[in-house]
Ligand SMILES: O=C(O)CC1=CCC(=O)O1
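Just the one chain here, laid out as structure tokens, in the form predicted alone.
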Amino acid sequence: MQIADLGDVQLHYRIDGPSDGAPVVFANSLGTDLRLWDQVLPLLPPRFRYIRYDKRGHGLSSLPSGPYSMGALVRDAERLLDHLQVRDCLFVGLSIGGMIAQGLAVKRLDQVRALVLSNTAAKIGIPEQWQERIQTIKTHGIEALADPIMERWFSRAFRNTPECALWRNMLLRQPAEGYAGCCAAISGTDFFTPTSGLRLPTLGIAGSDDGATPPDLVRETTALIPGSKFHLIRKAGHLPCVEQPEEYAALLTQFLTDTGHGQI
């Protein structure tokens, strides 16, 4: 475990793989920490340098006062990659992590050479629903939203397994202020225009049972980028890397090959 002190925020990150490997960066979803990728990483080619981090207000990263802006979350990722001297990475972003990925690619094409936009969109929901969620968290805590969130995160079959309880516990252990702060960032974000200007290799991934970012929404965002590819993972919800890690890893591995990552 390592901490990058970026001044106004301290980000917890982890690096797996050789120090000279081509970088692959992961940004996780709202309400999860970097363990989101635990089942996928062992299935990926060992020659790459895999970088994961907890966004502000999540996991073992610090908890700045909210609300947060998407600009702040993008800047956190930018400064972390500068801190680690990362250029030309393949950036994998899931949900809010996919929004961060879009913003970073627009801002710093020297840092990002290819994108995986997983279970995400240029715009997610409407401000009113995010404000309602923020108010519920402030009044009753994350517990009040946990069951509906599990329904969006996972297919019915997975929700009936003991493992689902672990992910519910992870959600409940995120700081309420950090969760609400990131809800505010999503609420204020519409990347439709900037994302449509991107020109880089892009793979979109959706889950057939995703109740947060349905497949058509993910497909619509991915289609904004010319030449992009899209894949639907069946029997999976908002976190297909958890429900179908083998298929998810196979998609990432194929995309690494297709983009020639690490061969430039």
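What you are looking at is a predicted structure, and each value in this text was computed from that prediction instead of being measured. When you see a residue number, it is the position in the sequence shown, counting from 1.
Below, we refer to the form predicted in complex with the ligand, which is not included among the displayed structures.
- Site accessibility, open: after C-alpha superposition of the site, the ligand as positioned in the predicted bound form shows no atom within 2.4 Å of the backbone or C-beta atoms of the displayed chain.
- Between the options Leu80, Ile96, Ile134, Leu90, the residue in contact with the ligand in the predicted bound form by a heavy atom within 4.5 angstroms is Ile96.
- Screening Phe158, Phe191, Tyr179, Trp167 for any heavy atom within 4.5 Å of the ligand in the predicted bound form leaves a single hit, Tyr179.
- Annotated contact segment (heavy atom within 4.5 Å of the ligand in the predicted bound form): 149 to 157, selected among 100 to 108, 149 to 157, 135 to 143, 82 to 90.
- Although the partner is absent here, Leu30 sits close enough that one of its heavy atoms falls within 4.5 Å of the ligand in the predicted bound form.
- In the predicted bound form, no heavy atom of Met70 sits within 4.5 Å of the ligand.
- At the 4.5 Å threshold, heavy atoms of Ala212 reach the ligand in the predicted bound form.
- In the predicted bound form, the ligand sits within 4.5 Å of a heavy atom of Ile124.
- Although the partner is absent from the chain shown here, Trp130, Ile186 and His238 each have a heavy atom within 4.5 Å of the ligand in the predicted bound form.
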